[in-house]
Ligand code: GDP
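Just the one chain here, laid out as structure tokens, in the form predicted on its own.
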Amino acid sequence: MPIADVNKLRNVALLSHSGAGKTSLGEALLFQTKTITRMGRVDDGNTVSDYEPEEAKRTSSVQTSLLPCNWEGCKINLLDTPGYDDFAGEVVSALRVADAAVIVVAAPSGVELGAEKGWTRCEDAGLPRIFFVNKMDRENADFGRTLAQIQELFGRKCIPFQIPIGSEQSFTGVVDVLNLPADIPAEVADEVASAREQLVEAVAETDDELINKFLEGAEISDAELRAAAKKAVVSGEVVPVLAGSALANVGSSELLDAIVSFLPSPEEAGDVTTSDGSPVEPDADEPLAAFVFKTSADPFVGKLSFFRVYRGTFRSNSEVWNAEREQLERVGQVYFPCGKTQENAPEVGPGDIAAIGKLSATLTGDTLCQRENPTSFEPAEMPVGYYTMAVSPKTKADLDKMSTALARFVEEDPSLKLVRESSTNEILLAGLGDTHLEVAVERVKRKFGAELMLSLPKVAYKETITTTARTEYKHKKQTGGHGQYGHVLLRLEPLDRTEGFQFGTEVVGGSVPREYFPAVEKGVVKTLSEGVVAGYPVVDMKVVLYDGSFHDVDSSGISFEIAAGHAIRKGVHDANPQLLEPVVDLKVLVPDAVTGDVMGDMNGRRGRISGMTPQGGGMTLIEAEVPQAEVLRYATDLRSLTQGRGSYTQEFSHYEGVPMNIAQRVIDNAKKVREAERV
């Protein structure tokens, strides 16, 4: 297959809210371009895009799929992204290599959260876009109502380029407002005339010469209007609104025409620069520069790295230099993926998207180039997930596979984070929500045969004391021969928070020989690490050995270690012990309309609100300190409170005392766990 002409390429991301019909639209476009001979259905689990079992099970996308097709001499690389917010990392990585986007809106339900977030991401990335109002053949479908909502939310620059013919079950097609047909149905003639006037005015306002013609009442030719419309769409000054039905395959060819006519090629898409600000031109003869935007883990193929070539030519059976890892990579066969199928590609030119398997060191966000011409691109800024669950193997056999499999998936999805929490001895997996983690665990089982379980992570409580106490213990044991004897008197003193543990001695007169001091300290440290009240480590305390006694024959290091342990257990109970809990700094960005609800919920979580700052755009930032135990499921709770429009960040702040009523519940639960472990 020859290298695609960079001017005949279109890299387009499909964005929408979950259920708006984005995957069905991709299927219709593949069918319309004769890439496939039969349209699959999401409900049947047989679409080209949703080929993973997890997608068929949920009837929704969980990863970005590449769907290349050809139309009117152009190659269109469609990037079908997930609509559910748990998989926002896939959307971000797709937009990193797209030159434009089609935002799909379901006519019956109107603009939903996924469309709003898609718009915002396109605005931030400076990508031109098209709206496609889908499901025009469904009950309650109303193009006029949906258009009004789009214009209210995103501005009057969203202009109808088509008017639908009929509605609901009678929907039969669309009228192109820019290229008016000779026979316009009478029932939509007035709408078409009004839309044509609106379109001409909007496009003319973006061009000095055309606006003068428009104001003077002079005739603007269709050729002038099309050329100006292309510039206006590419610059983002005009956003076309189209209509159709993906399942009925109505409006597909018109959408393909719009993608080819109005959306930019890689050469028209704007300046591309490396991480040091150097411009990159899409020239096939220049040194190679390709960006890896997605990695897929597979137990049979190994890693499959999806990349876009920005400069030069990427050839099969060659060598490339990974600029980030500073490592040479051996390239085997390069592919053009289409869903799960692959077509061999001897070479890939600038602007095109392809994939390569079995790169040893390359990860998502890396740049592949020539060693003698090193180049690096800025990686996409991936969303950070704070929804954390503890991961454990179901059986001992799964334990050996777990670490390797999870590490592979974190490479595949940078929005997943894997950490080992030393204080609770748990492996924690953090993501964007419960579904995000559930899908990751399902894929680990299917691809690597490791069955894992998710559970709420343990809260890393600690114990401390609040008053000074004196304690004594004499360990005396006689067995035939040498016995055991150790006698210690300890003073326990509370320290300020974060001062940790201190050990001191005030022994005078040799009542406890100096050689036993380390044993006493060892017994104290061991007991404090195991906890006294609820089994959590005891911190912020000073222990002073001030007296004791010994036996010339029976005393030993182990005797004093045992005595110190018993003394500490007794002393902590006498020193008014307190349970400590971790507190996090929470920053929550929410719509103004639900600020009161979010603050009320935060108060119910024992949170202390420290500030509220208007952020513009109808959003408010709430800052608070909240016990970690109260926000273990905050990602899903906040989504429910704000209909998915809220977001938050959190980081550890400090430890503070747990209220008595809650502390007793924690202590009781800890005792039950210890008793169960003994059984």
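Don't overthink the numbering: it's just position in the shown sequence, from 1. Since the model is a prediction, treat every value here as computed from it, not as a measurement.
Another form exists, predicted together with ligand GDP; not displayed. Remarks below refer to it.
- Highlighted residues 18, 21 and 59: every one comes within 4.5 Å of ligand GDP in the model of the complex, counting any heavy atom.
- Only one segment in the set 531-539, 465-473, 409-417, 128-136 has residues whose heavy atoms sit within 4.5 Å of ligand GDP in the model of the complex; it is 128-136.
- Using a 4.5 angstroms limit between non-hydrogen atoms, residue 309 is distant from ligand GDP in the model of the complex.
- When contacts are judged by a 4.5 Å heavy atom cut-off, residue 77 does not count as touching ligand GDP in the model of the complex.
- A residue is said to contact a partner when one of its heavy atoms sits within 4.5 Å of a partner heavy atom; residue 234 fails this definition for ligand GDP in the model of the complex, lying far away.
- The closest heavy atom approach of residue 245 to ligand GDP in the model of the complex falls within 4.5 Å.
- Proximity to ligand GDP in the model of the complex, defined as a heavy atom within 4.5 Å, singles out one entry of 635, 629, 42, 30, which is 42.
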